[in-house]
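One chain comes next, on its own, written as structure tokens: the form predicted alone.
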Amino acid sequence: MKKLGMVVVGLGFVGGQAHVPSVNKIKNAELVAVCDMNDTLATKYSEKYGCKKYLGVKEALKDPAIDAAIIAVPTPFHYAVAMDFIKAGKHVLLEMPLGVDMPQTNKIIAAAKKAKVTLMPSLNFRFAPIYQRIKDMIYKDKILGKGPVAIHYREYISANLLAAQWPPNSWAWDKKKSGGPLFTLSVWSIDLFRWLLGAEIVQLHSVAENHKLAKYGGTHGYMGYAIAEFSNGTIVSAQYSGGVSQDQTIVTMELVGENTNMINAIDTHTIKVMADDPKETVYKVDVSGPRVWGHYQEVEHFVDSILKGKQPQITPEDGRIATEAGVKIAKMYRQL
């Protein structure tokens, strides 16, 4: 089978540490090139993985060996970069949110349809082993009886980690440029709920704020709360924070069943099941590297779908719905 020639555009944390090593290990993919405006980063990954380097999209588009692009540039540049590759007839795996607003998002989707290329939103939580195991617990093992009546989700990111990734003048804190950090970060969990429940959002309400953190040179922290009702009746509450102290980064999800049982996912490694027996049952999820949050698996699925001429499981419409929900959350976002 022919290998899919790929370029990773944007070599920040996700592009450089998740997507590049994933493409490099997938048997039906060839890492033709990496692309970043930062020559130091481009050189680093080019030399490490033995591929070409490009410092701009126009250079990469001239390479006939490139069939598809993984776009992991900052959110404000998603639209321009994605449109360049789509119009050139290249398949695209695009990081989320798709655009900074719905007009951009809809134009990207329409362009991909017109060009007859595959556009797959990067909604990697669906491929994360811990969440796939939880879905099996819900629908195969019936641990929650007929299913969850409520989900309580918490995503806390330590302020020191965000300060290192997004300094005070970063695009991420500029609501006009990016929609703000909650818009940028909430889309994955919103899609996760849709996928786990097999249901659509009926109503969504949120409150959120952004405040400056003097201890990190004036960079920002944020707190956000969202409540959603889904079409199957499940109620979801989500808490997001980028303003907690050092080493307090954690992602947890608690699912409450109609039979009173509970499932609790802790980060990417632990699942606890609480039933009538006072002693909880603990399951460990042993994964590492780009597989932890599902990046390797989603890239592999993207590659296989294109080579087999199939529509990926994650559609542009999934990306549109998640982006639209992020926009609604961002509308309630206030700067302190």
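All values reported here derive from a predicted model rather than from experimental measurement. Heads up: residue numbers just count along the shown sequence, starting at 1.
Quick note: we don't show the form predicted in complex with a small molecule, though the next part is all about it.
K.L.:
Can you check 249-257, 221-229, 135-143, 121-129 and let me know which stretch has heavy atoms within 4.5 Å of the small molecule in the model of the complex?
P.N.:
Contact-bearing stretch, as computed: 121-129.
K.L.:
Of the residues Val57, Val292, Met274, Val285, which one places a heavy atom within 4.5 Å of the small molecule in the model of the complex?
P.N.:
Checked against the cut-off, the match is Val57.
K.L.:
Exactly one residue in Gln203, Ser245, Gln165, Ser237 has a non-hydrogen atom within 4.5 Å of the small molecule in the model of the complex; which is it?
P.N.:
Result of the distance check: Gln165.
K.L.:
Although the partner isn't part of this model, could you tell me whether Gly12 comes within 4.5 Å of the small molecule in the model of the complex, counting any heavy atom of the residue?
P.N.:
Result yes; Gly12 sits at the interface with the small molecule in the model of the complex.
K.L.:
With the cut-off set at 4.5 Å between non-hydrogen atoms, does Ser189 touch the small molecule in the model of the complex?
P.N.:
Answer no; every heavy atom of Ser189 is more than 4.5 Å from the small molecule in the model of the complex.
K.L.:
With the partner left out of view, is Asn106 within 4.5 angstroms of the small molecule in the model of the complex by any non-hydrogen atom?
P.N.:
Because no heavy atom of Asn106 falls inside 4.5 Å of the small molecule in the model of the complex, the answer is no.
K.L.:
Taking heavy atoms only, is Pro97 within 4.5 angstroms of the small molecule in the model of the complex?
P.N.:
Close contact exists here: in the model of the complex, Pro97 approaches the small molecule to within 4.5 Å, heavy atoms only.
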